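Let's start with one chain on its own, the form predicted alone, as structure tokens.
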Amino acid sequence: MVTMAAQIAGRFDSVPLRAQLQRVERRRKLKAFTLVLPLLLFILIAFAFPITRMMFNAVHDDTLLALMPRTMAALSGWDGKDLPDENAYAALAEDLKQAWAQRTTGAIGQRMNYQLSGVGSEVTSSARKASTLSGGPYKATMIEINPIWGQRDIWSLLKRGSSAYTAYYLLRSIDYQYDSDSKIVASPPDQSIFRDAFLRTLGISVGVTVATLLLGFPVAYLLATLPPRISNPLMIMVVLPFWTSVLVRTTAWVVLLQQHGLVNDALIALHIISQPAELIFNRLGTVVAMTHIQLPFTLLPIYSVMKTISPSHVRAARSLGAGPFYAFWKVYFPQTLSGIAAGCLLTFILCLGYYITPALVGGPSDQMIAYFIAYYTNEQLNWGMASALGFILLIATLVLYYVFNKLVGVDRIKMG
């Protein structure tokens, strides 16, 4: 026993104290990392990976490169000034034959249809006829099969498809596109819809943020200054909407604001209006419903900051001769700015991604950018366009956050 104790003591004496401390520190860090590992994996899988994949899809599309390899190789030396030579048409015929046999003409046509509307069906019919060709000359034959193969913009499109990476989706997201010479030009006015959608999204988000601030600040002040026996029941009414889903709250506004809803009936009964007003399926209904949903998100950070402000500050200002409004504006209000900044930033960012509420209570000209992302994802199956719109929205949000940080300072934000 004595011998064993002596051996253990000798073993510890042989390890320097610094190494022992480093070993203990490593074990402590390993335990801490093990505790946060589930959350880290969840964030990586559910947040970081989808966003990274979305950004990748916005600039990557190898459909034509993978399904038409011969045509892409034949166009590598094409200068784009005139129609390609016979070799390119022969490669096109072989690729269309293979696509028809492998039933991939739909994917090729869909990819080309993104940039030139209406060519998808032409590609399919061309592939069906090209599958019966046994020999050349291919240039005259392919143009005879379908005149689109005699158009230079079709070949310019295929030439751009020789790269797996494209800027088409990002350009289209800001109403720009390629012309027949592969130069970047503005989209035709009848196709320029996304810049207006982004501006509309920003405008509605700013309007809802201002409305929630104007409505929420007095309520937060009231809750922060009333006795707890009164403020606590009122606070329950503020958070009560969280117990119902956004869909239910939005549908409730449809009932209230419709042509023969409670609001119109009340206004007519009070002789304020003589006929039902248009309160829904327009911008007014969208802002009203979104303001109702977002109000607690702006109110609660302001309220939590107000609760930390000592009433003695205003009393001290009043004792020094300041009037009620002057004491409030010069002493109390500046201390609430951190809560106002937190609430407004939270509401504004949440509003940027709204989809359900504008879709239910807004009109055709009130749809926000999330509507178009859902449209390209669920109906068009155009993942590149949906990813590009989401990418632009993400960049716009980060830019606004950067500007906010420069003007206000994120470190000044307080939640309570």
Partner chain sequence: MAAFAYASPIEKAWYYLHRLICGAVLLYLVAPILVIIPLSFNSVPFFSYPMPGLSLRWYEEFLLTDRWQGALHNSIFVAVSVTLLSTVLGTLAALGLSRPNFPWRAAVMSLLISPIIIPVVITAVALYFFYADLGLVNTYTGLILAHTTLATPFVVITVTTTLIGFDHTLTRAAAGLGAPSVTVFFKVTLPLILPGMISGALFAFLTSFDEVVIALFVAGPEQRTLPKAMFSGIREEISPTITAAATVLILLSITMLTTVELLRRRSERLRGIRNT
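Just so it is clear, the structure is predicted and the values come from calculations on it, not from any experiment. We call the rigid core whatever largest set of C-alpha positions still superposes within 1.5 Å between the two forms. Numbering follows the first chain given and starts at 1.
Here the subject shifts to the form predicted in complex with its partner chain, a form of this protein not shown in this document.
Listed residues 143, 171, 238, 186 were compared with its partner chain in the predicted bound form; 238 is the one with a heavy atom within 4.5 Å.
Shown without its partner, this chain lists 251, 259, 335, 180 as candidates; in the predicted bound form, only 251 has a non-hydrogen atom within 4.5 angstroms of its partner chain. Heavy atoms within 4.5 Å of its partner chain in the predicted bound form belong, among the stretches 73-81, 157-165, 288-296, 103-111, to residues of 288-296. Looking at residue 85, you'd find every heavy atom of it more than 4.5 angstroms from its partner chain in the predicted bound form. The closest heavy atom approach of residue 221 to its partner chain in the predicted bound form falls within 4.5 Å. A residue is said to contact a partner when one of its heavy atoms sits within 4.5 Å of a partner heavy atom; residue 243 meets this definition for its partner chain in the predicted bound form. In the predicted bound form, its partner chain lies within 4.5 Å of some heavy atom of residue 324. Using a 4.5 Å cut-off on any heavy atom, the residues of 31-58 that reach its partner chain in the predicted bound form are, in sequence order, 31, 32, 33, 35, 36, 38, 39, 40, 42, 43, 44, 45, 46, 47, 49, 50, 51, 53, 54, 57. With a cut-off of 2 Å and the rigid core superposed, residue 47 has a Cα displacement that reaches or exceeds the cut-off between the shown form and the other one.
By 3 Å or more, the C-alpha separation between residue 46 and residue 343 grows in the predicted bound form relative to the form shown here.
Here's the thing about residue 347 and residue 46: their CA atoms end up at least 3 Å farther apart in the predicted bound form than they are in this form.
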